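Shown below, as structure tokens, is a lone chain in the form predicted alone; questions about how it binds or moves come after it.
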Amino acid sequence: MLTTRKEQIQENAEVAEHIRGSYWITTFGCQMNKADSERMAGILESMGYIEASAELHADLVLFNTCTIRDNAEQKVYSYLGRQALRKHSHPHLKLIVAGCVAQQEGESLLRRVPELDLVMGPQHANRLETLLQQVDNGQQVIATEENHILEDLTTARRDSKICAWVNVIYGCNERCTYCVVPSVRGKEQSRSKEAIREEIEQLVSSGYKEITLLGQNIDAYGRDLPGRTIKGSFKNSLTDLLYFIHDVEGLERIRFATSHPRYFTERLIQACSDLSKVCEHFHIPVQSGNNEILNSMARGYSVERYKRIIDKIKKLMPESAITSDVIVGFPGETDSQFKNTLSLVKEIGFDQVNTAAYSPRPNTPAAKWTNQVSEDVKVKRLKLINQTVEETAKERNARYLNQALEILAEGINPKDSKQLMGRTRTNRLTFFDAIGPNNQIYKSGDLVKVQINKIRSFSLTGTPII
């Protein structure tokens, strides 16, 4: 019998009299933020807090924030305003802003929202208990100073019992002219491969089947660790890490994200081809299909270099799925340069692309440039590229029709309790009947062979087969 999230929260409510209080975490942004939220939830539960049934019922509300786009940041302030008003009638409420907006705004957040108890940057996620002790002592706390991120293998309260995030490198040393991440997440800090493997072994012993190695720039893993060879290469690269963890017994699938084309080497591609547990899905942001724009973005590669990477992947792993990120309306982008991006999306045939209109961010060079593209043009370009991405994704999904694919069941379809949902090795969301041939009942964690009989742009539906 599968336990749904709703049922788990109900169980929590039934034992609420034994707890310190209830908490609610709202997460904005990337996978790194989601992983940070899982760790902070684990810390809160180890302190005696329990998950609330709703945000407005919680004794502690934490917003783990994103500043990569202006609309994400403004949404945070909207949520904060609601809770700040609530605190006037519920003075016991603890109100926390964590993550990238906290790091970016720091003390100014307290001036804007004086009801806040704690403002903490992403480097301080593992220090939540210590910081809350200061809050309990009557302090209003700001934690945005540079901090060495401590190892912590025990506290994460993970949303899935099948698939887990494993952070391998924090921060980013790149200086893309549009990106605020390095200034809010700090310098690169790689974990030791021994600590990473130990965490994975613990996860697998608890029943996890799939892990995703996470990093803001994961291909940079190991650059800050000891072990540079005489020729300047590294003994602790992402490639070496994949080989190091691959033989963990019971681990079925390995993924990693997010990659940077500058560091995506042929040796890494070869390792992904050689190692059977590494899934055939690669998320490699291209951002633009025009070299002049890439140069303005300070991305450090050309369109030609990007296409060589994709060609190599497809040569060694023809069934691979390639997903990407694209920014439209970057300062100075002409219609012709935008069309280069459209053409590249069609030429490569991405399985999915995360698209965004350029949004000026604080403390980034591009935000100060005078050649900003108008909002009307950005909206039109975004609409056009989204249409192209959807068409391309559906064309790519057509290859799965009537194919038998291995799906790792992750849970119940929230819209149909008779179905399970999971993902292909190429990361395509797939729905299928929970009862298969001979009345076999499938459950979360099962690897199920499913024949695909319906395709959509971003998901599949199929029937279990023997």
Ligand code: SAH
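Computed from a predicted model, the values in this text were never measured in an experiment. We number the residues from 1 along the sequence you see.
There is also a form predicted together with ligand SAH; it is not shown, and the following applies to it.
Are any of the heavy atoms in residue 212 no more than 4.5 Å from a heavy atom of ligand SAH in the predicted bound form? Outside the cut-off, so no.
Residue-level question: is residue 361 within 4.5 Å of ligand SAH in the predicted bound form, judged on heavy atoms? Yes - in the predicted bound form, heavy atoms of residue 361 and ligand SAH come within 4.5 Å of each other.
Does any heavy atom of residue 245 come within 4.5 Å of a heavy atom of ligand SAH in the predicted bound form? So residue 245 does not count as contacting ligand SAH.
Although ligand SAH is absent from this view, report whether residue 327 comes within 4.5 Å of it in the predicted bound form, heavy atoms only. Yes, contact at 4.5 Å.
Is ligand SAH close enough to 217, 299 and 357 in the predicted bound form that each of the three has a heavy atom within 4.5 Å of it? Result yes, every residue of the spot touches ligand SAH.
Find the only residue in 94, 381, 260, 191 having a heavy atom within 4.5 Å of ligand SAH in the predicted bound form. That would be 260.
In the predicted bound form, the one of 35, 68, 434, 408 near ligand SAH [non-hydrogen atom within 4.5 angstroms]: Checking each option against ligand SAH in the predicted bound form, the one that comes within 4.5 Å is 68.
Based on heavy atom distances of at most 4.5 Å to ligand SAH in the predicted bound form, which listed stretch, 140-148, 334-342, 173-181, 306-314, is the contact stretch? Result of the contact check: 173-181.
Residues of stretch 370-407 in contact with ligand SAH in the predicted bound form (4.5 Å, non-hydrogen atom): Going through 370-407 in order - heavy atoms within 4.5 Å of ligand SAH in the predicted bound form - there are no hits.
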